[in-house]
Every structure is written in structure tokens, then in C-alpha cells.
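Next up is one chain by itself, shown in C-alpha cells, the form predicted alone.
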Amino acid sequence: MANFSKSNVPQFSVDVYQNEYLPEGGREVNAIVTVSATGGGTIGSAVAAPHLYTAGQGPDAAVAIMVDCSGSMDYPPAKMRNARDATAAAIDTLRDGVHFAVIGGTHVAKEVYPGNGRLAVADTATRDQAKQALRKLSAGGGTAIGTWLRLADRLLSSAEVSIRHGIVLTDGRNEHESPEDLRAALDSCAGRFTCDARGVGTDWEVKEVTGIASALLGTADIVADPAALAADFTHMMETAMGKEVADVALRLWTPVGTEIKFVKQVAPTVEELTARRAEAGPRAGDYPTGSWGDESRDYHVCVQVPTAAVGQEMLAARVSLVIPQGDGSVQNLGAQGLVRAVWTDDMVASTSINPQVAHYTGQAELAQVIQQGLDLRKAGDVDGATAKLGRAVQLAGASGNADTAKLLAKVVDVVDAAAGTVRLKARVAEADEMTLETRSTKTVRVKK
């Protein structure tokens, strides 16, 4: 793990939104924790003019691009061509001095560039060499994404850098290794690098691609039209180049008798973190959040406190941000927030729901009912699917999540959005259904 000097770490802040009032006997405290990172100073320039960076000026980083080269990438032939062009565009976006490699993925993983178990260091010459090497990429063979990830991990870990990032592009299902093999690869790579995953076309499995991104704290998306790959890869790489600090953990300390019921990221996407807790000393646990640039994210923390009498108050949880170091110590990022509990007999105070908590509870339910509705639709349960997707339309409308509302309207005919009355469309384009499923966890923030 790298140690960061103050000069290249963004300033982190923590804000807590909650209703701290509980009725007599009340035990559940909910809070939305907003974490913001600002002023690291490299993002705008890194994105606007990556090559103006000399080695060592931006945060030290390594990137591995994994390109699906299985046989299906030749159908249609434009798919492989678009994948080569997209990878070239991503390579052009690399900042000078960043370590990188390109991996060709089939039922085995091959080093396309630079080879010999090494990483290249980005400059004009190596970017050109890498783009020449891409011309040799051809389609043939199967798909075993776990082998690609393990090779990426080996290559990325060979560099003494603070930010390690992967990009996976696939067009098919992971048919040449077992789900257990992929899971084992993800478990071994988790916490070692972050990874974005993209499915191109419509022949891949949404839960596989979103599962990779979720396990490795990256983003997932569909690129239904291969012609859109270059723009997507460029944007992904710009975002990766803007990351300034890796391995940030949300540390929650709770007093005796208090337990954490759940922790989940709720913006910009819904991501369950509860099971990822790493114990961090007496009554404290760390929840991984991955790499940060200049950005802001929201987390929903639910704490169960012991019962107390009216008039009593207590600290339910203390939230801080840390970077665990290799030697077992941590670097504290200096920001902290407090979650409180106050018992009252004022019914109005104890029954009012904080607007942030209410909004994100709805966004998390929205993500869940879309998944359930689409699964029921695939299983042929028309009534069940209609009920779930109707509820999704209602939630999307109420929360102002216009993007999700638009995606839902391609899968159902909306009769009454406010009431959640819908009819399943008789014919739905596969790309529309897959886009809704892939993007179902994207949320909108509370209108201030």
C-alpha cells in the first residue's frame, strides 16, 4: 500500500443526515452519510491533457485492459474492429508515466502488450507500440474471464503504484470456466485492484458483468452498439486517470451494545457493503469504498442501539475515513461524522423521516424491484412482473429518477405512473431489457 503525502490527497469531508429522535423503546437509527473528496488538484488537468503529465506528476497508477477475443467477437466482424479501436482510444487517454498492459481474453489469457510478464510505461513510443500490437488481435476460442482477471492481477501487482485499475470488455457468457472458478478469481482480486466491466452487444449475461464490477468496486454498463465502444472506453479511462487515492475504507465505530444492521452505498449506485466488513479493533469495522478522485458518494448506515428511557441520548456510531497500510496501521484521512440517538416522547419528532433517508430507501427499493420484476418476466410470471415493474415506475417517478423511468418505459406501457399501473409490452428489444437490468442500481441524489 502506498503512503500519501498531504499534497496529492484530496480533502475528504463527511456529512451525516438523520432524524436522531427515537420513541421510547425505539432501537433502529438510520443515517445517510455523504462522503466528498475535493481539491486533489490533478483531475481536471489529467483528463483535459493527459500527455502534458510527466512521469510522477499525477498519482502513480497501473492499468490493465482485458479485451474479449473469443470466437463470437467476429459476429459481426465490426465488433472486433470496434473493440480494437476502443482499446486504442483508451491507450491514447493514458497519462504519461502510467504503467499499462493489454490482455487478450479467450478460454486462456494472453499478454498482447508489452509481454514477458511486464507492464509498459506510457509515453508516445509505448502508446504507438501498443496500438500496433492491437492490430494482431483476432477472434477465436472461448471465454474464461477468471483467467483474464488473474493475469491482470499478476501484472498490476508487479508495479509499485498506489492506484491499480482494470477494464474488462466481453461480448459473451463465461462458458469455459465454472461460476465457482470466476467467484474464486474475484475473491482473490478483491481489494487488489478496482475494475470496470462492459458488455458489448446482447449475448452476454448481465449478472456476470455486474457481479465482476461489484466485487471489484468498479462500474458496469452495456454498450449495445459496438460503434459506441471508443467513446465509452475513453470516458472510462479518463475517470480512471482522475483517481487520486486508492483503498479508502469507511470505518464505523460503535459503542458497547450497539450493532451495525447494514451499510450500503446508495449513490451514485446501490452497492451492498455489509458483508465486506473487515474488523478493525474493538467495536470498529472497515467497509471498502475503492478509489477516489474529485467526487461525492452517499452511504446508508443502519444501526441498532440498546433501549433507553425518554430524555437519554447516545452516540450510535462514529464514521471516519482511513487508508489501511500494508503493515497493519492506517492513515486517517481526518474527516469524521457522528450518528446520534435521542429518546423522546414527542411523537411528531420521533415519527418524522429524514428526507435523505426516505429518498435513498426508495432508490434502493427501486433497484430491487426492477431486478425482481425482470427475473419474474423471464420466468413467465406476468402478474408478478407487472406488479414489481409497476412499483418501479411509481418509485422512479416519485423520486425524479428520469433516466430509469425512460428505461422502464421501453419494457412496460405506463398507464398511470403515480399509481404504478403498467402493462408489460408484448415485444421488448433485448438491448432495452438488458440496459434496464444493467443500469437498475444507478440512483439520483436528493434534490437540495
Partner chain sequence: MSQMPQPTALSRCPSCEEPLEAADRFCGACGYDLSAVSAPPQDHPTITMNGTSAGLPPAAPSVDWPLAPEVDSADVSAPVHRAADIRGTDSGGSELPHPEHPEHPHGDPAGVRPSVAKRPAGQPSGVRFDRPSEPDEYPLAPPAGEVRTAEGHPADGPDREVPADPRTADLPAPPAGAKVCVACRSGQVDTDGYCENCGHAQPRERDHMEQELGAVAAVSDRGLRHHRNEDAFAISSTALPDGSPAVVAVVCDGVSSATRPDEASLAASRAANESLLAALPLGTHPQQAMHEAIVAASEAVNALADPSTAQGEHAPHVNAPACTIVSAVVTSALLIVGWVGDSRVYWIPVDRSSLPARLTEDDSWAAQMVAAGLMNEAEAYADERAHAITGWLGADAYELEPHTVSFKPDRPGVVVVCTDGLWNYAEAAEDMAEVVPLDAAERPLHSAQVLVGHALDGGGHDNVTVAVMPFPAPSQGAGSA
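Remember, predicted model here, so these are calculated numbers, not experimental data. Positions refer to the first chain, counted from 1.
Beyond the structure shown, there is the form predicted in complex with its partner chain, which is absent from this document and is the topic of what follows.
Colleague: Is S138 part of the interface with its partner chain in the model of the complex - any heavy atom within 4.5 Å?
Modeller: Residue-level check for S138: no, no contact with its partner chain.
Colleague: Taking any heavy atom pair closer than or equal to 4.5 Å as contact, tell me whether G117 reaches its partner chain in the model of the complex.
Modeller: Close contact is absent here: in the model of the complex, G117 is far from its partner chain, nothing within 4.5 Å, heavy atoms only.
Colleague: Is R297 close enough to touch its partner chain in the model of the complex, meaning at least one heavy atom pair within 4.5 Å?
Modeller: Flag for R297 set to no.
Colleague: Report yes if any heavy atom of F12 sits within 4.5 Å of a heavy atom of its partner chain in the model of the complex; otherwise report no.
Modeller: Looking in the model of the complex, residue contacts with its partner chain do not include F12, since no heavy atom lies within 4.5 Å.
Colleague: Can you pick the stretch from 199 to 207, 158 to 166, 337 to 345, 182 to 190 whose heavy atoms fall within 4.5 Å of its partner chain in the model of the complex?
Modeller: Contact-bearing stretch, as computed: 337 to 345.
Colleague: By the heavy atom within 4.5 Å rule, which residue out of V310, A228, A278, A78 makes contact with its partner chain in the model of the complex?
Modeller: If I apply the 4.5 Å criterion carefully, the residue I get is V310.
Colleague: Name the single residue among A284, A367, C302, M314 that comes within 4.5 Å of its partner chain in the model of the complex, judging by heavy atoms.
Modeller: The residue from A284, A367, C302, M314 that makes the contact is M314.
Colleague: Taking its partner chain in the model of the complex, which residues of 243 to 275 have any heavy atom within 4.5 Å of it?
Modeller: W253, P255, V256 sit within 4.5 Å of the partner.
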